[in-house]
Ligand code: PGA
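Given as structure tokens, the chain that follows is alone and in the form predicted alone.
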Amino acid sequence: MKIIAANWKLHKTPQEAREFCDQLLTQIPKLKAKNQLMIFPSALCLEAVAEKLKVTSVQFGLQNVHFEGQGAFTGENSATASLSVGAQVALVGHSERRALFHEKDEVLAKKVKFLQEQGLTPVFCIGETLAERESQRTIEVLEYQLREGLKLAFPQKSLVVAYEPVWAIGTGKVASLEQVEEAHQEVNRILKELGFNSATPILYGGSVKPDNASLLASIPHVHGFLIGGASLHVESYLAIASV
């Protein structure tokens, strides 16, 4: 099974989200049944997506959550509230959250733990910057992010990891097949060392498009994709989901 996850970031109104889901649902019967679709809308669109998808096989959830379900946390998103509308998953530690909003590993570890406690599956994002890649520190960075971000996690509970080289997100650049294979092999090794199931899914993200998805999907330990721009249009999202 491949996981085909759409990260809409700060795009789409609730009505546009409904229209996307309506169009998607007409096409799902044509897809490979073995692939699991996921959609991560902006918080204001979550209920619109839930309205359309909660009785389907498509999973959905928030792009960011707080590590407590409720309280005096103005501007934060509640994992508990997302559960109430049928969410099953949530993103944690996307590179934009780390870089733009200065989220630290300690906070990300609390989020992963809380989501697992609530019965939601964290999709935990990791990845190196261009400077880290060029200084030959990729594996060191990935190992640090995994060990710190998952130090409070429950290895027996559901988890998905998404490897996204920061320098390839939204840039049109894609890591070489050899770079992706090495990174995913090392992430798999580290997860096993941390006590996680060897079948823990590892997604690749970073300018995934219909024309490169098949090759990327053939790489060992690539269990699917976390897609940005190409997930905003039903046609390109479905083309990737058909690999």
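Residue numbers run from 1 along the displayed sequence. None of these values were measured; they are calculated from a predicted model.
Separately, the form predicted together with the ligand exists; it is not shown, and the next lines address it.
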Residue-level contact is defined here as any heavy atom of the residue lying within 4.5 Å of the ligand in the model of the complex; does residue 41 satisfy this criterion? no
Taking heavy atoms only, is residue 208 within 4.5 angstroms of the ligand in the model of the complex? yes
Does residue 227 make contact with the ligand in the model of the complex, using a 4.5 Å heavy atom cut-off? yes
Under a 4.5 Å heavy atom criterion, is residue 221 part of the interface with the ligand in the model of the complex? no
Just one of 200-208, 178-186, 66-74, 52-60 has heavy atoms within 4.5 Å of the ligand in the model of the complex; which? 200-208
Within 4.5 Å, heavy atoms only, which of 159, 142, 152, 169 is in contact with the ligand in the model of the complex? 169
Since the partner is left out here, which residues of 1-23 would have a heavy atom within 4.5 Å of the ligand in the model of the complex? 7, 9
